[in-house]
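Next up: just one chain, as structure tokens, the form predicted on its own.
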């Protein structure tokens, strides 16, 4: 969330950010006018309250002296009526301002390229070469069905479209990927392992920027006002909400596994087939709280940490810096990692690595002091998918498929697969 003071001092910068990010619905001139009216009304309210206090004292003095206080009492009633009117005005204006501020996006970092959508994202590097197959490769959904390890039909019968049942080798591969990624980030990158709640409050969703803008993409639990987590970013970023940290506590580094739940209200087309875009999926998430001056160095570190998973699994990928129109509401700067999918003949996102600056911290009240007597500052928050499990599995099935229909298991995962080297047909 942006500070109202910042918007007063930089109205054009904020207007430019709203345009660059393709956002709409907040008129900055109207907001500034409301803010000015709010400040004027608040000044008038404070003056009326001071008048009431002085009048109350004067009534007390007159009564004590045995003088007539009736005129003062009548005046007090008028002042109280004026205070009631002014308090309602201040409250109404404050509500409008708060609702408007909640809809204003974060400002893009100067390094972020201008653009309207995914065609304007900028590729900054590639790793690995897509495999050349001596046979016609299959899509992961066909591989999984033929091997009897992915069951979309029965999942649809249980829950509806965009769900899957993982069976046998796929279920084991899913667990292997989760354990491998968690171990890698804990043992090599120094993260603390977290398993967070899968239900979060409205306040937590607001803190990370999912609400109010993205409520239609979330799953709300009826009658409880809980949301199923769209990502572990939400509970983990809110872990220290309202607490005062010390500079010596930073950085704080967490890696969390969770199931993720997304309504994907606007999604359609090819991505809804197979494991690429489902309502429920698993993900390993990296979250850091940092000092403001180190957050951009941390962003690059987190990108490299997510890349290491793909490198160890020998999955070709590319890294993009997202343009202003495609990087999201709350981010200052974002990288996407996209891995090679033969069925697409293209790259598909498997990780987003984002720096939010102090945008989330202001919404979630995440603060620190550099010393005991220093003024509070907001931490910077960052996150990265490290990685999305279903999409990584889909890429393994496609990139490691064999002509006989089996799938070779990447070497780093074999210790987690009971020593299994290949996912084969049942009974073979």
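Numbering follows the first chain given and starts at 1. Remember, predicted model here, so these are calculated numbers, not experimental data.
As for the form predicted in complex with the RNA, it is not shown, yet the points below apply to it.
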(Q) Is residue 421 near the RNA? Define near as a heavy atom within 4.5 Å, in the predicted bound form. (A) no
Query - 4.5 Å heavy atom contact, residue 80 to the RNA in the predicted bound form - result: yes
4.5 angstroms heavy atom contact with the RNA in the predicted bound form for residue 426 | no
Can you work out whether residue 46 and the RNA are in contact in the predicted bound form, taking contact to mean some heavy atom pair no more than 4.5 Å apart? yes
Assert contact_stretch over 343 to 351, 69 to 77, 179 to 187, 140 to 148 against the RNA in the predicted bound form, heavy atom within 4.5 Å, equals 69 to 77
Looking in the predicted bound form, the residues of 183 to 221 with a heavy atom no more than 4.5 Å from the RNA, listed in order, are none
